[in-house]
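Same chain, two forms, each on its own as structure tokens: structure 1, then structure 2.
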Structure 1
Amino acid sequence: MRYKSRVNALIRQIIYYRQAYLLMLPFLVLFSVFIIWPVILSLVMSFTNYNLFQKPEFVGFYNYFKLFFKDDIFLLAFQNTLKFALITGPIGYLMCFFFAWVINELHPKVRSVMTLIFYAPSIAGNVFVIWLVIFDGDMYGYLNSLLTSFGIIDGPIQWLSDPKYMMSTVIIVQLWISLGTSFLTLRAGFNTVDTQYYEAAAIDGIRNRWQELWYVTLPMMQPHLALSAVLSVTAAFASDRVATVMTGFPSTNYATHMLIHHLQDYGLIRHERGYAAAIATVIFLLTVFFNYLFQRFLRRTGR
């Protein structure tokens, strides 16, 4: 009965706000066709053996069993992805918030310039050229040359081909370009806080910028904080561009092999679409799980 009453209440709401729902209809149709339906189709395909040339064959949970018990490269990619995401996700999120806050304290004319400067690396197409020169493996690489001149190392380090250093190098570059959409979301959030709240808080006893940030700004920015968290976590699990450009695909000893790389390998090269769909489902569930943890953390801290 409770379910039926909720359905009836939803129907009445749709009828009452029918004009608003009609305006939303084009977006809902596009979102359903290009987002929801592919996710459902991928989930269904993950239980099949499908290679583009034959009809899908239902295999149950065999693809998932193969992933976790027979595919050593998947387990390595799973480990690399968790390490990469757990470092770049939270740190990238904190970096976005810190720089958005610092820029918000500047003069309005300076804010626009500084926002562009910080956001530019995430949209620049040839941004990796700089890092490829810095981490070049010969003595002419900037980092090797600098460390040698200070006597820290005796010979060049292969930053982009030695498994000992590859993941750290990729993480550094990823953090540098992490000031993307999440950063702009937080910048917009700071701009939406009405200055009247700061005046009222000053009357109530707020005396410095830190108290303003904690008691006024963060509570008012809760929607932006939540959206930025979703963007940061999703980007951390879906990122493969930096590792591909910096260390190649496949990388040496699969040192920077991510789940996205494994998905591309089976989906685009081997054309084992059923198995690739299982990998995509694992990535999707990981993203949803860590987004849930992040959102729960924000709610429990009252932010």
Structure 2
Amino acid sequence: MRYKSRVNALIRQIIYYRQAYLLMLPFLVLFSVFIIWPVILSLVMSFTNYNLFQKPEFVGFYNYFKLFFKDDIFLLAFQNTLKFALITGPIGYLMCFFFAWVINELHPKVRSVMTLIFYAPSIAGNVFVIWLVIFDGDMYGYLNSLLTSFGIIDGPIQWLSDPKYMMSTVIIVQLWISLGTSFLTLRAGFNTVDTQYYEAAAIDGIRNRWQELWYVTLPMMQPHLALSAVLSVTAAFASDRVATVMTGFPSTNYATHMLIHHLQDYGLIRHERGYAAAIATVIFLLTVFFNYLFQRFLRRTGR
């Protein structure tokens, strides 16, 4: 009886909110089909040998087994991705945070100019291709010519095709465009902290700006820190464009081959979609795992 009345209450509620549901419908349909469904479908496909030519068969964990035990290039891509993400993620995040903090204390006019300067690289489309000229492998490259004129190097260095330097080059360029949405989120976050708290804290014996940052600002900005962390971590595991443009795809000796490249290779070029789905699932799980770690870490600020 109670169960039935609860169902009735629910139905009444749904009827009461019918217009609201109607409003939400278009977005939610597309959102489910193009954002949520792909994750589920990838997970399902990753247990099959689906390709364009044969009937798909259930193969259990074979794709994952193959990835981690038989595919050397995958393992290399895995290492590269971890290296790339664990450097660009945290450093990018710290840069966003530090510059948002510093810029927030400037004079309002300078503030908006500096915000533009730091944010522009990330929205200005393909402007990072200019780094190709800077890192050009012959003497006409800005960096090579600069280093030569100071006598630091004798001959040009192949920044973009020598496996020794490729990853660092890509990381430098990625950091250059990393002050994106996270940066704006934090810039705005610093604005929301009421200045009265700073005065109160100063009276309570906060001595310098670092203490002020740790004990006052960070706890107040927790929600902004959390959001920008999600954005930074997620981007770190799926940025392929810089590497593709700078060092090519496939890159020399796979030195900057990332998981995303491996995914594109199998999914869109070789059409082994079951296998590609397994790679997609690995990337997704990595992203979720590191997001979880980062969020736990952030809860400890200000203590």
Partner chain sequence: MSRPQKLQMRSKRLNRSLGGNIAITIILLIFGLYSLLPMVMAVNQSLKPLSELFIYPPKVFVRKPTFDNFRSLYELISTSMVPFSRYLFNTVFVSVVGTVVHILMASMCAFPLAKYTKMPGNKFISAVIVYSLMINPTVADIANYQTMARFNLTDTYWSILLPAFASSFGLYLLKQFIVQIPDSLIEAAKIDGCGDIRINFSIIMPNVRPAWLTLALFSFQNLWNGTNSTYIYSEQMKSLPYALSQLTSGGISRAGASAAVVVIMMIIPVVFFLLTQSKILETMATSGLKD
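Here the rigid core means the biggest group of C-alpha atoms that line up within 1.5 Å when the two forms are laid on top of each other. Here, a residue number simply tells you its place in the sequence of structure 1, counted from 1. Everything numeric in this text was worked out from a predicted model, so none of it was measured.
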Practice task
Look at both copies of the chain and name the one that is the form predicted on its own.
Solution key: 1
Handout entry: Core-superposed comparison between the two structures, Y21 Cα displacement 2 Å or beyond
Key = yes
Practice task
Superpose the two forms on their rigid core, then report whether the C-alpha of I11 is displaced by 2 angstroms or more between the two structures.
Solution key: yes
Exercise for the section: Tell me, please, whether between the two structures the C-alpha of T252 is shifted by 2 Å or more, with the rigid core used for superposition. Expected result: no
Completion exercise
Expressed in angstrom, the C-alpha movement of S32 between the two structures on a rigid core superposition is 2.8
